[in-house]
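As a starting point, one isolated chain is supplied in structure tokens, in the form predicted alone.
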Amino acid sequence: MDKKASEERPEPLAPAAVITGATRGIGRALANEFGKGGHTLLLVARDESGLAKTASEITAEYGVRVQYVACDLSVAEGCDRVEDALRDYGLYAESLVNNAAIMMAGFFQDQGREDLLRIIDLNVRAVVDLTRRFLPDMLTRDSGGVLNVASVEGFMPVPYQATYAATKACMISLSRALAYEVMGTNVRVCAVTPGPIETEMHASAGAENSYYVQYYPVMTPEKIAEAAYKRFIRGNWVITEGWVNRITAFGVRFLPGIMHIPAAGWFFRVRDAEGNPQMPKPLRKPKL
């Protein structure tokens, strides 16, 4: 073979698991599980120092190659950077874990319009964008998969977390539809639907005193990640761990909205440290 032609031939791309929101919570725990499984990783989050620390720890623990890219997936350019990073590192997305998400709690009218749109951009638009970028090549290779981290909230309307729950409902619906579309191939599309998790997410959303945090069984990120990884590899369409979560997901299919929506409203109402329900802010006079 001509030496020059050999030198110009690009090295074959290596498979990697792309994990978004990978520096904490379920994303961090899933990065551990994929690392333990021997996967090369591309970690994605906004916190570059957190990414570097996470990458170093996983490499030291499991001896796998870990790369990372710091970007904001709530804007289209963030998804471009993920694709660019894969190419720069000589990788391709064998698996995609859509975990990055934002939650807000409280009365819908009290939440900023830009904040609500950012939830939709990160929780839905980025999921569709990244999945569309990488799923076609998975099908061409006839291997790989997409794991969408949704929520048990996605099975029902949730007052006081209306937008967040709606985005998770979209993730579940998208995952189930795509799982059917890829049926008969070696590509899998799955959604994991955890209940409350021991993370800072609820406090950051302003829901740390809501009854669902106080009374609903709370699971560790490590436990849900372990179950999600194993069942993702097996190709389960929807992964719901914990008997209370399973009962919730099953029960809301048969209970009329007049029953389960008020129940969800009671559990998810934002409260102060004494348990008093918070009231909406005074309404402003409409613009003429």
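Everything numeric here is computed off the predicted structure, so don't read it as measured data. When you see a residue number, it is the position in the sequence shown, counting from 1.
Keep in mind the form predicted in complex with a small molecule is missing from the figure; the text below concerns it.
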Q. In the predicted complex, which of the listed residues (73, 130, 165, 147) lies with a heavy atom within 4.5 Å of the small molecule?
A. 73
Q.
I need to confirm a contact call. Of 36, 230, 46, 223, which residue comes within 4.5 Å of the small molecule in the predicted complex, counting heavy atoms only?
A. 46
Q) What stretch, of 149 to 157, 84 to 92, 135 to 143, 181 to 189, brings heavy atoms to within 4.5 Å of the small molecule in the predicted complex? A) 149 to 157
Q) Do heavy atoms from each of 24, 196 and 201 fall within 4.5 Å of the small molecule in the predicted complex? A) yes
Q. Closest heavy atom of residue 99 to the small molecule in the predicted complex, within 4.5 Å or not?
A. yes
Q. Does residue 122 make contact with the small molecule in the predicted complex, using a 4.5 Å heavy atom cut-off?
A. yes
